[in-house]
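Okay, so we've got a single protein chain in two different forms coming up as structure tokens, structure 1 first and structure 2 after it.
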Structure 1
Amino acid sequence: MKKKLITSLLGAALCLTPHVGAAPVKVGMITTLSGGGSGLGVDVRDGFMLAVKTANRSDLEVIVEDDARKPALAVQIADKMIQKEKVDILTGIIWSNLAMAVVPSTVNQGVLYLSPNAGPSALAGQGCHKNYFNVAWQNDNLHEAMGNYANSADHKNSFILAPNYPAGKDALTGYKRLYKGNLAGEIYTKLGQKDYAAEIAQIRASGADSVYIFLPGGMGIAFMKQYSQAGMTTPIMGPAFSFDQGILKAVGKAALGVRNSSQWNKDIDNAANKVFVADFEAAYGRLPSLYASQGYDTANLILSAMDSADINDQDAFRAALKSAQFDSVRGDFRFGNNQHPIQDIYVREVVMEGDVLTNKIIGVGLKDHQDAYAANCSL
């Protein structure tokens, strides 16, 4: 079940740009590659490795291992990578509960951690750390953007729904932070629930003018199909996680027209993004997802820091990371004091392009947005 992939680029002779004197950087990636939810980890890995292969540098080594979405396994792999493999940087974790199990001890051992996905609030406020960088978002961000969008779309009576676990509560808290209308109802469902007949009946009876859901993975697929099969037409909103490229095909036409928030989309107009989307499709034969874009950005951030600093001078390397001198595929990108992104969050709509379901940007949900916890961080 464990998959080990070692990329050591020995083509040093072919390397055109010499990096005089800089020590090689060893990156350990722990991500979910098997079992439920492995699509996300595969995308982060593929995006990351695409950037690494494109850079083709002899002084960057990446080790990838599968955490099978199990916190205990992730901790074990992290220990092994830090103590035996002596990695300089860890990255790759998808889920917030795994991140909370791995990140604090990693950064306290003097190893850098760059998150390509999970952004739990506990690591953004008082729990921030000089060795912890989040290259994706703080967990609340996409939900906040959608709450803000709901105001401008004139939704005044939202029904909101999320699974009963910490990220679900963060999601609805995030939505309510900026949303100004009334709530037609607020439901927490069981995590992993796949049948939503009872909830859909309540939504129908509530007279809501819009529905906001945070149901990642299979839960979202199930909800969307059942919602549309039941003949419901009240508009649905959500974060990108339930309407991303990897999932849309499984949801099918039920997803058409859904508005969702994301910090990235394949139609963002900048040179780096065009190259990324084209290269990703050429390399893997599918459209990239936001997870892939986050993996790609994470790798490019590391590469940019390697250009200006030596990994053995950790202060300089951290400063180089924090300056974020790389071309992010999402356009403008910089770090706030807590080393979480300050970025635009877009509103997208699910559309049909040819016979492929995908997303199109229709507006900006929040401009230059920083998370709500940054003020509590002492960095």
Structure 2
Amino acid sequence: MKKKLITSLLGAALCLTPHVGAAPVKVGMITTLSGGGSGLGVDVRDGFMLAVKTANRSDLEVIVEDDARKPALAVQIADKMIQKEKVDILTGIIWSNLAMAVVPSTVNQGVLYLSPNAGPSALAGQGCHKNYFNVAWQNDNLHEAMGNYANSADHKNSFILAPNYPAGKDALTGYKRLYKGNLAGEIYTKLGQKDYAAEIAQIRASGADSVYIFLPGGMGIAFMKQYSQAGMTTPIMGPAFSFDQGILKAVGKAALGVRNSSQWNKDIDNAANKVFVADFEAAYGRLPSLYASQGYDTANLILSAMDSADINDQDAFRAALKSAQFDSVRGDFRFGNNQHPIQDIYVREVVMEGDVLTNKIIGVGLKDHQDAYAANCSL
């Protein structure tokens, strides 16, 4: 169901002065709000809308629609938003296969796309575009950090697995890029798979000293529960997508001690992050996730660009976006030449705080890191 959310001008704290005479901005958010993986889309939406509501802007309109994780539906919604709704900016897509279906056509029609999540390699190198910005990461990045961590943890024989879709392939490519050990096995599973008995049997028989998984959403929940039930003790590693706040609640104590990588965590010590975590929990009654932080940063990036440029002057607006003059919840934030972040990526550990499973930062996996594809981008 479509929802139109128009902010009101109430002069709240944190509201920035609108650019005098600038045209209003219309944003179309296409994200996953039903079916498998809906929790990820809900968090991106909620983080984005928290920033918009906090700013109390009358010159920003946001239209939200559910793609139900279906590429054809995402394309249909994008076409409608561009042709009928006349949006200036699209955002919101969680899954890389949906991004690949929507983004190239969007940016070639002169519409800006700001990704709060999916970062396929095809859009970071030769396929980069002046109208495409990624506010989260390039898909490989968090996996590269864990490959690097595996070396320091003296893991020499990792078994790695991910779903068979663009982000899954980027994930294992990223892990292998910096991992120096051997591979006990490498498997690409079905996207949306829920039964991992065969894969767990292969891991058991492989002699692996560690397991690296990229299984976002319900896939990770199913795998971790079955892994624990099978009595497996080989250490698990992964990116935040498989061990973020919403996932941990569903997995339970089977996730305790797991090391995972993220460019954000709730304990990053800066003022913007402290406000975000407190405001999100107050607004929604739950701790924010990685996805919520990415939605929040995406909205604040748009708002910052609106304060220095008119959306109708696309060159100026793109330059305002590229300058990234906003207070990111992750601290230092800047775009590289391909308009993907250059940023620190942390190693986190799943811990129990009171009766709540959560993550704490235990180190830096990669410092001031840029993706491997930027050198192939002509921007």
Partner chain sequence: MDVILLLEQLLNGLQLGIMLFLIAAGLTLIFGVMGLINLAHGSLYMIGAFACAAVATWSGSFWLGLMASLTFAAAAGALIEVVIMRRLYHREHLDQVLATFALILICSEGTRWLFGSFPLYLDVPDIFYGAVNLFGVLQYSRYRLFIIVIGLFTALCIYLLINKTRIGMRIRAGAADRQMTAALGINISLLYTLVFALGAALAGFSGALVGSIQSVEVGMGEPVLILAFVVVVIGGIGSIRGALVGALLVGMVDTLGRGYLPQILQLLLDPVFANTLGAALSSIAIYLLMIVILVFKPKGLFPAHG
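Only a predicted model underlies this, so the values are computations on that prediction, with no experimental measurement involved. Sequence positions of structure 1, starting at 1, serve as the residue numbers. We call the rigid core the largest set of C-alpha positions that still match within 1.5 Å between the two forms.
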Decide which single structure shows the form predicted alone, answering 1 or 2.
-> 2
Once you line up the core, how about residue 203: does its CA shift reach 2 Å between structures 1 and 2?
-> yes
Please say whether, between structures 1 and 2, the C-alpha of residue 287 moves by 2 Å or more once the core is aligned.
-> no
Take the rigid core as the frame of reference and indicate whether the C-alpha of residue 189 shifts by 2 Å or more between structures 1 and 2.
-> yes
Distance the CA of residue 230 travels between structures 1 and 2 [rigid core superposed, Å] = 2.8
